[in-house]
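Heads up, what comes next is one protein chain in two forms, each shown on its own as structure tokens, labelled structure 1 and structure 2.
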Structure 1
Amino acid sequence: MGGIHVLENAVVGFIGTGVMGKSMAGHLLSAGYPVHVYTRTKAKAQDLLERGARWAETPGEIAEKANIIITIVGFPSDVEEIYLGQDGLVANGKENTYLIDMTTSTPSLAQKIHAEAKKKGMHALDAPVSGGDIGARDARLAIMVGGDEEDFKRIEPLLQLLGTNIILQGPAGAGQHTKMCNQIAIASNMMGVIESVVYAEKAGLDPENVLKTIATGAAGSWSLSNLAPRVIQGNFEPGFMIKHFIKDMNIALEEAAKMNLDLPGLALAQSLYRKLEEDGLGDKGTQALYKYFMKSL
């Protein structure tokens, strides 16, 4: 626990208390840290405030009060404003503050924030997560970190309050790149899972019996075991929303394009999901890809 010294005097700032952020900030409160929170809609922080968290009116106010700041917000544009805006964390923060962005955002923005923070003697890390609402609630998130090794070691004890699979993947941006690898693997697999269910139904099979056979072998995947049953039950409520998945796929495609890398599976998956969003299904879960096939039948 090499990070114990910095953490002894840690004052935590937490920006973004959505479903995941709320659980995560709660774990830090439970561990005894003073926590200052800011989020766009104050009502979403109410539970935390009742548990002793203190409210800040702006990201800049968080920056003035905290020396370890965690952010988990919506889109890269939100991250950019919170970190690099006039009233943001870098402009208003103190030397030696640790800045940890756990939003799924762009690798290039993570690198820019790292560089800008460094100019002011601050330490920025990108640390997106996987594991969803349940992983956040149970403090079992996978955390993919990019940044300087020394900084990672300092804040690792804090991350251990939030997750169980915490790996420094490389320099600034590497956490975001790793998250992109995760989303790329999911994107094409979702097509395979949904096409498999649609084929089963069209062929007159009982898709539940089909899953009993195929989910345990070489076709097996998390999505086949967890999302295909929801499709069969007609449940399209979001574990992970289509609109957020499209955001992630867009980032991955843009980053791939910068690397002159053509990812045809990802591009196809993104195009199918965009059609669903155009049809007003952006707030549904990713398993609603099924509806693309129902429409085209």
Structure 2
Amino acid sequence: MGGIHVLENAVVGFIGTGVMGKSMAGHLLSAGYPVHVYTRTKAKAQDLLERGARWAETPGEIAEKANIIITIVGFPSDVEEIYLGQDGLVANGKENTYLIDMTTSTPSLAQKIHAEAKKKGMHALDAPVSGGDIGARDARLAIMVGGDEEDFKRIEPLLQLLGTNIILQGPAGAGQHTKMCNQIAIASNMMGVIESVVYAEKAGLDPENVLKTIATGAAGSWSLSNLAPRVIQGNFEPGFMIKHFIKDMNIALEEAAKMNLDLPGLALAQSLYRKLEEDGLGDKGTQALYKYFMKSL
């Protein structure tokens, strides 16, 4: 096989050092990889720079210096600019570079990036993640990958530094479709989790005691175990921002419409979260859905 040996000669570029990206880039630094970082707000990368990461002024500069580039940014428009823009990764990258987009984006854009990268002799994978800030911090993310199997096998050792459940789901775009399945399941589950906490409080129960019981039974879920405690503590800071969750739900509903598929639970969740965004809570965590119910009481 041509290209690079991931574990020996990798120079990593990392774009997007937000809630999750900062921890993820940190794991790569801890593993001894040289890491070049770019993010729109340089202050968000300061901790990484102090640990030895090198700053790049543009995505194009990242492309010139790195042969494995990971991105985790906000919206599909950001992904398209970073990959396909004039100063982007595909235009400025080297042959045999591996491009790994871990943003939750659209399957069609992942397929487009894959095709454009292939024209330049580059290898593109869509690899969105689930697990939030906790999963990123603990390197226990679920990583759902779309792309060519040979490329996946080459890059898998690097992904193992970031997650514990890493599965190639199919060709380009399959990772993004899988992430939509993830977000669809979360959307209705989050409504149930928050309604459960609200019900416990209104019934005069101790919600912490309730959680100790129901989290170990059939109601158990990641959101119930990890986000319900934050609600009870009044902590609505983001492990995953509402505005990004709305973006994901929009993508899932658009993809569902293309398949003539009706998803009423997802549509309801989207409508509730949109109301929170209208109230200025778009930068809060998804558990801030609690505030919708408090407002309506």
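For residue numbers, the reference is structure 1: its sequence is counted from 1. Throughout, rigid core stands for the largest set of C-alpha atoms superposing within 1.5 Å between the two forms. Keep in mind that what you see is a predicted model, and the values were worked out from it rather than measured.
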{"item": "Structure number, where the criterion is the form predicted together with another copy of the chain", "value": "1"}
{"item": "Chain position at the hinge linking the two rigid parts, options 109, 98, 179, 56, forms compared between the two structures", "value": "179"}
{"item": "Relative rigid-part rotation, degrees, compared between the two structures", "value": "13"}
{"item": "Backbone CA shift between the two structures, residue 212, after core fitting (angstrom)", "value": "6.9"}
{"item": "Angstrom displacement of the CA atom of residue 223 between the two structures, core fixed", "value": "3.7"}
